Every structure is written in structure tokens, then in C-alpha cells.
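A single chain, nothing else alongside it, follows as C-alpha cells in the form predicted alone.
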């Protein structure tokens, strides 16, 4: 029977405590840091060589769906009653939103070094030490809303602009694609400044700190963010019945994306699972 993923704002006090306890348990065993390493290793940009599976590519959605499922399975081994809630950032839009409370994620980083000092993931408790990162420091960092250069979270209208596109993805299948749901939701825009960051990417920028790069998994909010991104893929599928993952076939020799992206029936690293196998999650979990 499929289990449920809830809106984080609907969690009870007990559900919050159990979720936090499960995160701390897999962190204590070292399992959590493996997820951080996987994301760092697969954070490949357009300008780099080799296969792009996690970002700036059509497989952005199925790759993160499988990644999220693996994390959720780890949490459920610690506590079978836990699932990953989703953060609807079109509604919970400020640092005062309940998810940033001391009983769940903790709040913003302090001004001097952006270190998170409140909540269960604060370094001072000794239970959430950052061991895998691309920056110095062993503490979790945030810069909610980026006060020095303010940035707003995406709106419902911003999301609708992506959800309206009936095509999953389009050439050139990277961060410069101006057609297709995938990049409109992943959020790579043209130009410089705040306007270049849209939807998914803009949320990472808004949270700041560790959420800015490949080591973003160090912040547990990563999973709540991607649970909502996963839900949005589901909503897009429901809105455009029959629309499928693209490309269906891999680019041919001579194409600049040859062996750089994953086609519908090709396996995504580090797993042996294809995007097609991940298009339907209804037998595993549902959103409520």
C-alpha cells in the first residue's frame, strides 16, 4: 500500500519529532553523509565534460526522485512511520514559516558566519556535524532571504509558467533550453542577477548557505524542497496526460549532447534504473 507524503505545514508535533529523530539517527551512523557525497559527485554542469544526470539535463526529475526515495527508505528503516514532507514555498514564504521552527529545521544562520545556531541541526548539539562539503567549517549554514541582496521565493504564477508548458524538455537539453517544463522548473535563466534564478534554483539561492552548491544535501531542507519539486512533476503529468519524458532516444554521434544526457530508456548513474521506470510513483507513495 502506498504511503503518504504530507505538506510540512500539516505535520503534528509528534510527526516532526519522529522525522527529526530519523534524520539524526542516519546521520549518526554515517549513512546520511553518503547521500551528500553522491550529490556532490553528480553535480555536473554544462561546461564540464562527461554525463550530466542530476542537473542541467532532462533526467533532473527522475534522478532526484530516485535519490529522494533512497533517502526516504533510509529514514523509514530508522522509523517505518516517517516519510519526507514537502515544502510548498509558494505559501510558506518567510523565515517565520513553521518549518524553520526549533522543533523541525531550526532557523536562519547568524549574521557573522551564517552558522545555524537554533533547532536540532545546530552544530552546538554535536549531532549534525558537516563532514562532506565544498566549503570550510563543520557547521550547517543558511542565509534565508539573502538580506544583503534580497531575493523572494517563487510565486504560484512563476510555477504556473512552467506547468503550462506541454513539452517535457527540448534541445539543447541543458541549462540554456528555453522550451520545456524541465528547465522552466529547474530554473536556469539567461543573464545575471536575481532574474537568472527561477523556481527550483531560486529556492536554493533563497535558503543560501550550504544550499548554494553541490553540497546542498547537508541541509535537511533539501529533501523537503525536492519533495515539492517531485510533486510538481506529478502535477505536470496530470495536467498534460500522455506527455512523456524526453528525449526518447539518445543523441547521435556528432551531437554535442552525445553521451552527455540520459534518454528515456537509458540507465541513470549511480543506479541501474531508467527515467521511464520512475515516471509513475503511485504504487510507492502519494501526496496529500
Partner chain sequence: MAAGNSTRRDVVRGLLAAAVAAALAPLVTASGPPRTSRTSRSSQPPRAGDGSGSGIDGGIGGGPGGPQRFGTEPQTRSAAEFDEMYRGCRIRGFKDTLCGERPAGTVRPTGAVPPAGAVRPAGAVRPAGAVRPAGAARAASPAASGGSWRVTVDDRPLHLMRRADGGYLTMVDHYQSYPTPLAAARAAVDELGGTLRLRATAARAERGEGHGHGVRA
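Here the structure is a predicted model, which is why all the values come from computation and not from measurement. Positions refer to the first chain, counted from 1.
Keep in mind that the form predicted in complex with the partner chain is not shown, yet the notes after this line are about it.
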Partner contact check in the model of the complex: of 88-96, 170-178, 151-159, 118-126, the stretch with a heavy atom within 4.5 Å of the partner chain is 170-178
#### Entry: Contact test, all of 101, 165 and 278, partner the partner chain in the model of the complex, heavy atom 4.5 Å
no
As a check of understanding, the residue in 235, 244, 256, 28 with any heavy atom within 4.5 Å of the partner chain in the model of the complex should be identified as 256
In this chain shown alone, the residue from 216, 83, 108, 199 with a heavy atom within 4.5 Å of the partner chain in the model of the complex is 216
message: I'd like to know if residue 114 sits close to the partner chain in the model of the complex, meaning any non-hydrogen atom pair within 4.5 angstroms.
response: yes
Item to complete: Please run the contact check for residue 212 against the partner chain in the model of the complex: heavy atoms, 4.5 angstroms, yes or no?
Response: yes
Find out whether any non-hydrogen atom of residue 51 is located within 4.5 angstroms of the partner chain in the model of the complex, and reply yes or no. yes
**Item:** is_contact(residue 18, the partner chain) in the model of the complex, heavy atom dist at most 4.5 Å
**Value:** no
Checked 189-208 against the partner chain in the model of the complex; residues with a heavy atom within 4.5 Å, sequence order, are 189, 190, 191, 192, 193, 196, 197, 200, 201, 204, 205
